[in-house]
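The chain below stands alone and is given as structure tokens, in the form predicted alone.
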């Protein structure tokens, strides 16, 4: 059996990480990997996470399994964080998952279980693992326009025109905030228009919200998700705690399915638990329990929110500084979009050849489509990057 297997193509981002590690240069800059880093290049454990873990060690008396859906308190805490009061709790089915990726996978499994003929519509571009998982599961997929390569903003007219083709029961994959890989977000008015369109077509939004709190703040970043939840009969939400709680390796995620009524919610909850059982039985608990403790404890939550806000403001400051440095070096405002984007990522418009040039000549690593991780910069490397971009003529 194993002799018949073929070598699988390497993940491009993981391959880039390996290249960076093997590069002997001491002044190299890693803007490829999608992990938050502080000014010293560390991915720190947040203060509230450390405090919650210390408390957990002292208080926890068992490592027995939780239920198939995970700890109900985790689902309730995350539901409040993401949905607020936009929808009644008795319409929300939820299960804990191994990270946001696990939530995306389980959401697609739910889609297949409900209707194998349904199509999922995916933005161009999107996080590379989205189409990879979709293709692996054999889910019908169609693209919709999203990013305008000329303006580096949202091609909203193209997006709406394409999504008019979505049929009732189809899923539309949307990034809740901080679009990966572009950094270009929908405005509140555009979210309203998307809600109008989905309401008229009957297509179901599938929101991947992995960066809540990294863009314009916890509540503002949840605006689109809450709007759709308040207006539409059905919604699927895949959420990750990796970034805003910094618990990457704990694999802490949640899948929510918002049903039209409590009866449908009960059926959805049963199906989600069944799907968890088929894939991994009981979800990881440590990260979920830490997140729950933080969200339920007013002191821990305040400290977490303060640290998260400092992270968000730090990334915005780097964006503003980079846009300013590029304006000075190119005598042009064509890179001002960097300060308008939100989250960790922006696509700067370099060709694959220029991306290679940045890596080979300047030791600056970014993904081949020119997606760069803003959080990989600091005050010292911002002018270095700006100078390199100007020299190669992006």
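Being a predicted model, the structure only gives us computed values, none of them experimental. Positions refer to the first chain, counted from 1.
The following text describes the form predicted together with (2S)-2-hydroxybutanedioic acid (LMR), which does not appear among the structures shown.
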Checklist line | Partner contact for residue 214 in the predicted bound form: (2S)-2-hydroxybutanedioic acid (LMR), 4.5 angstroms, heavy atom | finding: no
Check: Does residue 276 make contact with (2S)-2-hydroxybutanedioic acid (LMR) in the predicted bound form, using a 4.5 Å heavy atom cut-off?
Finding: no
Notebook entry, point to check: Is the gap between residue 127 and (2S)-2-hydroxybutanedioic acid (LMR) in the predicted bound form 4.5 Å or less for some heavy atom pair?
Noted result: yes
Next item on the list: Verify the contact flag for residue 243: yes if a non-hydrogen atom of it lies within 4.5 Å of a non-hydrogen atom of (2S)-2-hydroxybutanedioic acid (LMR) in the predicted bound form, no if not.
Entry: yes
Checklist line | 4.5 Å heavy atom contact with (2S)-2-hydroxybutanedioic acid (LMR) in the predicted bound form for all of 34, 180 and 371 | finding: yes
Check: In terms of non-hydrogen atoms within 4.5 angstroms, which of the given stretches 44-52, 328-336, 26-34, 347-355 touches (2S)-2-hydroxybutanedioic acid (LMR) in the predicted bound form?
Finding: 26-34
Next item on the list: Give, in sequence order, every residue of 263-286 that has a heavy atom within 4.5 Å of (2S)-2-hydroxybutanedioic acid (LMR) in the predicted bound form, or say none if there are no such residues.
Entry: none
